[in-house]
Each structure stands twice: as structure tokens, then as C-alpha cells.
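First, one chain by itself: the form predicted alone, in C-alpha cells.
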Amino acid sequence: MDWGMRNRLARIISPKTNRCVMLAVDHGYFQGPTTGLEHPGETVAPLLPYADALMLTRGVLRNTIDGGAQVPIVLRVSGGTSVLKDDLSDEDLTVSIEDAIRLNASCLALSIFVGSPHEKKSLTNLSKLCDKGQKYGIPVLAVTAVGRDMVRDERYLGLACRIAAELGAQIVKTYYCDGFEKVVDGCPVPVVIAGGKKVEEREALRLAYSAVSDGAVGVDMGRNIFQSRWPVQMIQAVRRIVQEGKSDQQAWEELEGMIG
């Protein structure tokens, strides 16, 4: 792995802790104006000081994020479907490597759909993106998307994560599940967990703690932060778990103290 690739990865995953708090705000690329992200720049601004990386689309980055922001960018480069379509797996690459470089992306992100009707297309998209990323020293994050009929279990997620790593992804984003430590053990690259649907703050903190305890290097959390009643306090609490080694109970008690 060359210096540029290693340096970009080190911006995202701290070399001191080997941990990462990624803030995901790319939901609009297929959901449209997601609750809490109607004005993404306003939502993101107070959260950036506590994020190790920001995952978003080029349109939101260009039009709403302050050019002086120092946060590393994980750029969503796949798309082509919307919530109006029954099959969300029919994605393609939607951003050129040249535009990603212009945007100073530290990482490129796309979804793969193992077991879907468009499995082969999504996996070859990943392979092509890894080739382009390797040429310019930009790592790739593969998101193991799960179709409506797919179970989020150790067997399926372990399969998807390993395939993503085998095809060249430097980071994999997946869901937490029972037996998650086996998913991590079978994946030779760092794994971050998706925050998933909005749940109560206490449950989201428990999810973050369980994931890092079972081997994840961190979280890529979105709705459980920006849709929280206390988004700034929530991302601080998540950071205490991921980067400071606090338990979910400790983080929850400190969050309660901040909100009074």
C-alpha cells in the first residue's frame, strides 16, 4: 500500500486508537429530503467537530459544506435508483475519479448487493472503483447493502464483507448482528457498522458499544445522530464510546448530564 493510500486511511481511522466515528449524511441520494437533512449544511455544521469523517454525496458537499472544513470526506459515488423503485440494487458508478479528486475525497464509497438480482453488476462496480482508487491512492469503502428479502445475519454479512475485501475494498461498512465477532474475524480489512434506522438514544449507544467490543473499528452513523433530539450531545456520546473506550452506560450518563 503506497503512502497516499495509507495517509488517506489514517485521516479516517485514527492511527492512535485504530477507531473511527464517521457521520453519514448521504441518505438523500435515493431517499430525497430525508427528515433531518432537509438543509444538510445546517444539520452538519455543529456536528463536524466531533466527526472523524463525513460520508456524503458530491452535490451536498459542493453546495452546502464550508470549504474550510477540515473533516476527511468519504464520497458516495454510486447511485441510479430511488425509493420509488422496487429493486434498489440496480446501481451504477455515478462520479468520475477525476471529480472525486477535485473534491479532495479521502475515500470513495459505494454499495454492493450480494444475493440481489444485480449482484454481479454491483460487485464489478466495486472492482472497477478499486482499480481507479488504487491508481490514484484513494481507498474504497464498500457498503454491504441488504435487500428486503435478505437476512442480516452472521452468514450473509460475513459473506458480503469477505467478498468486498477480496475484491479490493480497504474498508467495509455493514450491519451489526449476533455473532458479529465472526463477521469481523473473517474480513481482512477494517469494518465499521451502520447505524441503521432511528432508535432511542440509549439503544443506539448500546449498538455502538457492542460493535466496537466485537471488533468493529467504529461506526458510520447517520439517523441516530442527526435525527436525535440532541444531535450534538449524541455524537459526543458516540465518540466517547468509540474513541475514548467508555461503556455505553458511561456515555449515556454523560449524555444525560449534558442535556440536564
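Being a predicted model, the structure only gives us computed values, none of them experimental. We number the residues from 1 along the sequence you see.
One more form of this protein exists, namely the form predicted together with ribulose-5-phosphate; it is left out here, but the text below deals with it.
Practice prompt. State the residue from 234, 55, 191, 211 whose non-hydrogen atoms include one within 4.5 Å of ribulose-5-phosphate in the model of the complex.
Written response: Of 234, 55, 191, 211, the residue with a heavy atom within 4.5 Å of ribulose-5-phosphate in the model of the complex is 55.
Worksheet item: Looking at 180 to 188, 129 to 137, 99 to 107, 167 to 175, which one sits within 4.5 Å of ribulose-5-phosphate in the model of the complex if you count heavy atoms only?
Response: Contact criterion met by 167 to 175 only.
Discussion item. When the contact criterion is heavy atoms within 4.5 Å, does residue 206 count as touching ribulose-5-phosphate in the model of the complex?
Written reply: Outside the cut-off, so no.
Worksheet entry | Any non-hydrogen atom of residue 201 within 4.5 angstroms of ribulose-5-phosphate in the model of the complex | Contact with ribulose-5-phosphate, no.
Worksheet item: At the 4.5 Å heavy atom threshold, is residue 40 in contact with ribulose-5-phosphate in the model of the complex?
Response: Flag for residue 40 set to no.
Worksheet item: residue 111: heavy atom within 4.5 Å of ribulose-5-phosphate in the model of the complex?
Response: Contact check for residue 111: yes, within 4.5 Å of ribulose-5-phosphate in the model of the complex.
Worksheet item: in the model of the complex, which residues of 26 to 50 put a heavy atom within 4.5 Å of ribulose-5-phosphate?
Response: Heavy-atom contacts to ribulose-5-phosphate in the model of the complex: 26, 27, 29, 30.
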